[in-house]
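What follows is a single chain, given as structure tokens, in the form predicted alone.
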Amino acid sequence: MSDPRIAGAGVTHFGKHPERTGRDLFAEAGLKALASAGIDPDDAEALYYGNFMGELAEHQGHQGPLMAEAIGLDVPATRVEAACASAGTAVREAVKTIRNGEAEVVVVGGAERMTNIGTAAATDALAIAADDLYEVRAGMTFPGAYALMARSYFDQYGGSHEDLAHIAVKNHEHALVNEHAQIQKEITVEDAIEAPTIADPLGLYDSCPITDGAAAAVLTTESYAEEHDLDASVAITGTGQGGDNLALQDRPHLAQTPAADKAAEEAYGDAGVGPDDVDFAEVHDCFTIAEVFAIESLGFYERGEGIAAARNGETTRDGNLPVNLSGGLKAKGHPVGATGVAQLATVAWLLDGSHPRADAVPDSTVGVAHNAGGTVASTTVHVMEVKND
């Protein structure tokens, strides 16, 4: 069994691009990935593509073959949908395809077009990732759902909006040098605390923006990379996926994310590493409280201790365990169907030294990507390692 190598990756600018179609965005990212990999596109044998709301934002379903065509591939193409974890789940399918010997070269990616329909319609579209019968019809939106989860965490473990503000400040600062980021703006703790409330206790700076964008990566077998003399030193050595009840009301608690616990345990076991081996992580901070859930589920902190990590400087770029050096979803942006592959690309670039924040983790050998869907009813975790062979 061969651990897939990341031969190349490409991302668009994340931001407001309402004039561009989804296929245009994915073509940019996919062609960048193929060019950076330096492979013959005819060698690609499959495409796995993440997208969540294409029918609602573009009246376009069946996007797999459309996106293969956009980057000049004549391969079986599969669209993967798992809400905000669509791209992470697509990565997992690509990893399994290479490991089981079905293909030597697979393209994985994702795209989302969201700003063209406006904030209200995008919020409604995102809400279909929740339970329509018992949550959406009662008026729940995702800012409201994560506010409930934040309140539950504060009640159970302590913490405050000021703790969350430190997460927002950290991720905004990390994004300042990321040319792909939607928001390159430094903020203060006071800015975050005094920002307009979205859903108490979450404010404007606790929430990720609505984003257009795309990401893609080329995965190959180790033998293909060696045979074609590719610069592919980063391997995906662990993959995991977990699930939970879709509706919050059906869960025993709101302050934990067991789907991420399961995904992390599986990914670590697959890679043969543990949380103490990880040098940095890219996690799904759609809201600041989500970063807390993620770093606790990944085993970096005990329950109730992750809330203070950013305030203590432990997850900042000069901390012991930098988290979201890209700026995270919070500042880099969150084009839903692309996020998981953008995280994969970021981890690979940090490990090979080509990311502008790589100076924060110069000797790193192990990075983790955590991608969550809905209120963390779906989660994927991938472990990536440098292989100097």
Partner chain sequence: MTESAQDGEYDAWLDSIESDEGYFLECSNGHGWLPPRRVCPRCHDQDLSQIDLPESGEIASHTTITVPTPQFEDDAPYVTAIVDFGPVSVTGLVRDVDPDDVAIGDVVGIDVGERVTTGERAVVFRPR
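Since the structure is predicted, the reported quantities are computational estimates derived from the model, not experimental observations. Positions refer to the first chain, counted from 1.
What follows is about the form predicted in complex with its partner chain, which we do not show.
In terms of contact with its partner chain in the model of the complex, the residue from D155, E227, E190, E102 that brings a heavy atom within 4.5 Å is D155. For the options S160, Q184, N312, N245, the residue carrying a heavy atom within 4.5 angstroms of its partner chain in the model of the complex is N245.
Note on the interface: of 300-308, 267-275, 123-131, 170-178, the segment with non-hydrogen atoms within 4.5 angstroms of its partner chain in the model of the complex is 123-131. Contact here is defined as any heavy atom lying within 4.5 Å of its partner chain in the model of the complex, and by that definition each of R137, A147 and A199 is a contact residue. Contact annotation: D250 falls within 4.5 Å of its partner chain in the model of the complex, judged by heavy atom distances. Although the partner is absent here, L254 is a contact residue: one of its heavy atoms lies within 4.5 angstroms of its partner chain in the model of the complex.
Residue contact with its partner chain in the model of the complex: K262 places no heavy atom within 4.5 Å of it.
A residue is said to contact a partner when one of its heavy atoms sits within 4.5 Å of a partner heavy atom; T115 fails this definition for its partner chain in the model of the complex, lying far away.
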